[in-house]
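First, one chain by itself: the form predicted on its own, in structure tokens.
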């Protein structure tokens, strides 16, 4: 079997195992040379490319070559670097010229601290981001902002960049997502541009990275981010990252990165309460030239939907239909337009009781009972809090569903959890997990919550 036949067979198998873009990026530029019947040498454009292939694809390559050759094959790597003016080596695909590494994603100028609606659910995160923006690198470094989707993480991290630039127009700000960081690193490795990539990221004054959880499981990317983090931190440069969960709860995140994130300040964004949602809706409507009546905003705010982007979507739909039909935005119009969308997301008190009981490892009868031990009282209060947030039930109605509790008991339980959520990020994450199950039908991780997490 010739070199070309063996490599063609191996590539056919590899293309079936990885996506077309991944195959084109990592395997099309390669060539193969047979040393003897059982020894193959893979020709790779540069050493960084070789390291990446070794780390991520070695088992796939071994398997594909053995299948194509019909026998076990020993695989070696050879860096086939050539001068820039030299012709391409016969049989070796010439890589495209190195692209210019893209600059920082542009900061959305509308995402400022002035346009961010502050409530009890986000006041600490807002204050921390503002402090960082006014004195970057001097306190709260790194700043780690976490919370569920649509609660304002991107708004806040972008506001930091805009505020830093307002105070120092010459500051080097770089904003990107973790996915963008990864994709840029891949291009740098492929085209031998790692040195430029490192220079770019390690000379900024403020690094803002969104959705850092997407680095999980990517060992090579985490290694590069680790060294970038160390360089910036030691130089006193500000680092702000966001995530949908706390560092310790991100699966596949290396311990050395997790501990560095925990060096600084961790602040969370909790789901907005009804008053904050009303304020957000009215502010968003005003930005679009609409004065949203309070009863309309309250109707939307009472729906079991905490993702602000979804609420904005409802508002966009309402405004569009109002404009198309030439009618005012009234409560009747909103109920007719949005009602069918939100009615599908209703949560019952029984749903809350069964979900919280399962997650905290207690029985529904325990929550409804009179036992006041810590193992039962906290799940009971969490269930009361979620019942109040996610259903349209009044305090007396909740009390009756909780075994005939007095409405004042429910009020105290809800207030107790609201206080604990502001003080205890771990409990806040536990409550969010239960809420995701109730509103989204699952949380993906199967995490079991424990009582007494204060």
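Residue numbers count along the first chain shown, from 1. Just so it is clear, the model here is predicted, and its values are computed rather than measured.
One more form of this protein exists, namely the form predicted in complex with a small molecule; it is left out here, but the text below deals with it.
Name the stretch: of 159-167, 219-227, 146-154, 379-387, exactly one has residues whose heavy atoms fall within 4.5 Å of the small molecule in the predicted bound form.
That would be 146-154.
Tell me, which of 237, 245, 284, 190 has a heavy atom within 4.5 angstroms of the small molecule in the predicted bound form?
Checked against the cut-off, the match is 284.
Answer with one of 140, 299, 111, 214: the residue that has a non-hydrogen atom within 4.5 Å of the small molecule in the predicted bound form.
In short, 111.
Since only the chain is shown here, I'm wondering whether residue 351 would be in contact with the small molecule in the predicted bound form (any heavy atom pair within 4.5 Å).
Answer no; every heavy atom of residue 351 is more than 4.5 Å from the small molecule in the predicted bound form.
Touches the small molecule in the predicted bound form: residue 122 (any heavy atom, 4.5 Å):
Residue 122: contacts the small molecule in the predicted bound form.
Residue-level contact is defined here as any heavy atom of the residue lying within 4.5 Å of the small molecule in the predicted bound form; does residue 312 satisfy this criterion?
So residue 312 counts as contacting the small molecule.
Using a 4.5 angstroms cut-off on non-hydrogen atoms, would residue 115 count as touching the small molecule in the predicted bound form?
Yes, residue 115 sits close enough to the small molecule in the predicted bound form that at least one of its heavy atoms falls within 4.5 Å.
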